[in-house]
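As a starting point, one isolated chain is supplied in structure tokens, in the form predicted alone.
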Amino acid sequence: MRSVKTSLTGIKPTNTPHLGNYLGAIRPALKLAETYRSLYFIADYHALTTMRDPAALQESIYDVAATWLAAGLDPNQTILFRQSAVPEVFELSWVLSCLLATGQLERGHSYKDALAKGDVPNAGVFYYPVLMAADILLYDTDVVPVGKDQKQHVELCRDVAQRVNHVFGEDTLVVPEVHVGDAPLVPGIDGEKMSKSRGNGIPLFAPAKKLRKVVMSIKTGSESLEEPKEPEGSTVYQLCKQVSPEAAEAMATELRKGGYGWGHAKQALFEALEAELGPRRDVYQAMRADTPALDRILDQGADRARAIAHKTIGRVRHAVGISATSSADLKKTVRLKPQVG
């Protein structure tokens, strides 16, 4: 049994990360990295289910990499890489697909949601859970931190891993555990859940002037300056409580006393955000401007990830009866660097 367990997180590179991503996913995931050997991959192949602009995809990949590094990810301790840099994931996907019933994929919530909306989903949307399972199983992952919306996909991953082990041998694949975090819902400027599709997000590393403008647009009550106000239930207070509990406590006291308007509360939230994100913004901008440095970090992470993947594929090939790839063959393999558009 391995003494250090592994956690894996995938980040889809679509649009610029917002505050909800930071509070709901990035901060909790980095906390988990203190306990587990952690791998973070940028899911560029998953993004192809919706993205059709190659240049925009490349920019998003760099945005995501710079965001996680600025948020505190240490590439010397944590493996950060592009999904596409480890082609073994497709070989494992095929093996897994041969042990999955199509009905399991037809019940996938993303596929069903697309049909319910009247869309004609592409085959990538249908196959998405298989590739996600391969992403997880390829790296001997013990724990997968996910939101509730992704729990079904990880349960399918567990199911197919158990099936592989039952058919081909109990030690073929590591069966992961689902870690559904307790990260709170992060409200957007309209009070609804912050999301890219709603357009209600607060940009994570926007310049201070733009950040303040967005914060000041948050919907609040219409009470007069003098009236006491109840902070609970207000978007500005909920956000402040997640960013800085100390600042939120002071805000709540002032709101309940009266003589303190929602404009004051928004300014307090802006100051709390600037204290949290301002120094990280500087790191982000420096990293984002140095794409060769980002490429080096991602390439080094891919080398480490691929070493793990190669061992897993070796076990799987041996188990299913296909000749294992030799280490000499691996050395001959040329990994092409993605072209910047």
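One-based numbering along the sequence shown. Here the rigid core means the biggest group of C-alpha atoms that line up within 1.5 Å when the two forms are laid on top of each other. Just so you know, these numbers come straight off a predicted model, no measurement behind them.
In what follows, reference is made to the form predicted together with a small molecule, a form of this protein that is not presented.
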{"property": "Listed residue that, although the small molecule is not shown, lies within 4.5 Å of it in the predicted bound form (heavy atoms), from 30, 70, 43, 302", "result": "43"}
{"property": "Listed residue that, although the small molecule is not shown, lies within 4.5 Å of it in the predicted bound form (heavy atoms), from 118, 233, 245, 147", "result": "147"}
{"property": "In the predicted bound form, residue 319 touching the small molecule (heavy atom, 4.5 Å)", "result": "no"}
{"property": "Distance check, residue 256 to the small molecule in the predicted bound form, heavy atom within 4.5 Å", "result": "no"}
{"property": "Proximity of residue 213 to the small molecule in the predicted bound form, heavy atoms at 4.5 Å", "result": "no"}
{"property": "4.5 Å heavy atom contact, residue 185 to the small molecule in the predicted bound form", "result": "yes"}
{"property": "Interface segment, criterion being heavy atoms within 4.5 Å of the small molecule in the predicted bound form, picked from 100 to 108, 132 to 140, 119 to 127, 74 to 82", "result": "132 to 140"}
{"property": "Per-residue C-alpha change between this form and the one not shown, residue 242, threshold 2 Å, rigid core fit", "result": "yes"}
{"property": "Core-aligned C-alpha movement of residue 24 between this form and the one not shown, 2 Å or more", "result": "yes"}
{"property": "C-alpha of residue 121 off by 2 Å or more between this form and the one not shown on rigid core", "result": "no"}
